[in-house]
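Below sits a lone chain in structure tokens, taken as the form predicted alone.
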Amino acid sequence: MSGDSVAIDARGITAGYGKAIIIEDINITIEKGKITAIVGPNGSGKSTFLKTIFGLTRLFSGQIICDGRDISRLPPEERNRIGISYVPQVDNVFPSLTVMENLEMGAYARRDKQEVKRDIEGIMGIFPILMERVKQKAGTLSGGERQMLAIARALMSKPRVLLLDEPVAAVAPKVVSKIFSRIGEIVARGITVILVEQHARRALEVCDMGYVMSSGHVVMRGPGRRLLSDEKFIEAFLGRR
């Protein structure tokens, strides 16, 4: 894979919180304009890896390269400025603000006000339900609608890389497919997506490349569909039906 096609290159990442190491010697390459899924059991370090990319953990060793630039020591706000947006699993919207106000908050650092208006219209095209809820307080939305708003708000900063931490957790089953299809639309617009997901089967069905984590290490990697047909992966992480 050439350097021009790589969005994020995580090299030998060991990270955690305080003195505790959660992930160790992680090597993950994220290709531009693709969906990369990080799957594995609870406690495997998936979310810690995502937070490390955004600068929310303690990095003990290793490098994070974004478009050829070492961002390992940059604070989260600077990583956001250079085009990385992070959507946490919970507390990802302002519940007391309306849908429109949340979207405007996503663009708070931008000065191109006319383009902000156009981007809001474009994002409403991806998530049309938000147009119907535009004056509604975010705290009154359903779980699936809140997740859509959280993703939409992150898109308002015009990211090149979007980090999604379990976007369909606690979402009604009928909404899961809808959110995954919207992620596909986002990638079609040229945005790179790193998806951490507990729903391993669904995530691997939609991703271009998948990494499987267990106990803080990457234990398997490969195209999503190939992993889903791998007997060792099925036995260890999906179980037999």
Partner chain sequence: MDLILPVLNSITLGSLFTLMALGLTLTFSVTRIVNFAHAELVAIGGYVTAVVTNYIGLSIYESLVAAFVASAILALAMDELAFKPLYKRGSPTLFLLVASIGIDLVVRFSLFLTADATGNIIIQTKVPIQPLMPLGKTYLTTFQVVVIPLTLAVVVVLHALFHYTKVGKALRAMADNEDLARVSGIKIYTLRRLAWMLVGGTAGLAGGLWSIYLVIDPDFGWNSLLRIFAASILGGFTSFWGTVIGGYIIGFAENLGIATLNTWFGVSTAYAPLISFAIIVAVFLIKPSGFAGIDLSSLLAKLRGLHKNLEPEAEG
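Between two forms, the rigid core is defined as the largest C-alpha subset superposing within 1.5 Å. Keep in mind that what you see is a predicted model, and the values were worked out from it rather than measured. Residue numbers count along the first chain shown, from 1.
Same protein, other form: the form predicted together with the partner chain, not shown, and the subject of what follows.
Contact here is defined as any heavy atom lying within 4.5 Å of the partner chain in the predicted complex, and by that definition not a single one of 43, 180 and 202 is a contact residue. In the predicted complex, the partner chain sits within 4.5 Å of a heavy atom belonging to residue 77. Mapping the unseen interface onto this chain, residue 92 counts among the residues with a heavy atom inside 4.5 Å of the partner chain in the predicted complex. When the partner chain is considered in the predicted complex, residue 118 lies well away from it, no heavy atom lying within 4.5 Å. With a 4.5 Å cutoff on heavy atoms, residue 88 counts as touching the partner chain in the predicted complex.
Contacts of stretch 111-139 with the partner chain in the predicted complex, defined by any heavy atom lying within 4.5 Å, are made by 111, 136, 139, listed in sequence order. With the core superposed, residue 170 shows a C-alpha displacement below 2 Å between this form and the one not shown.
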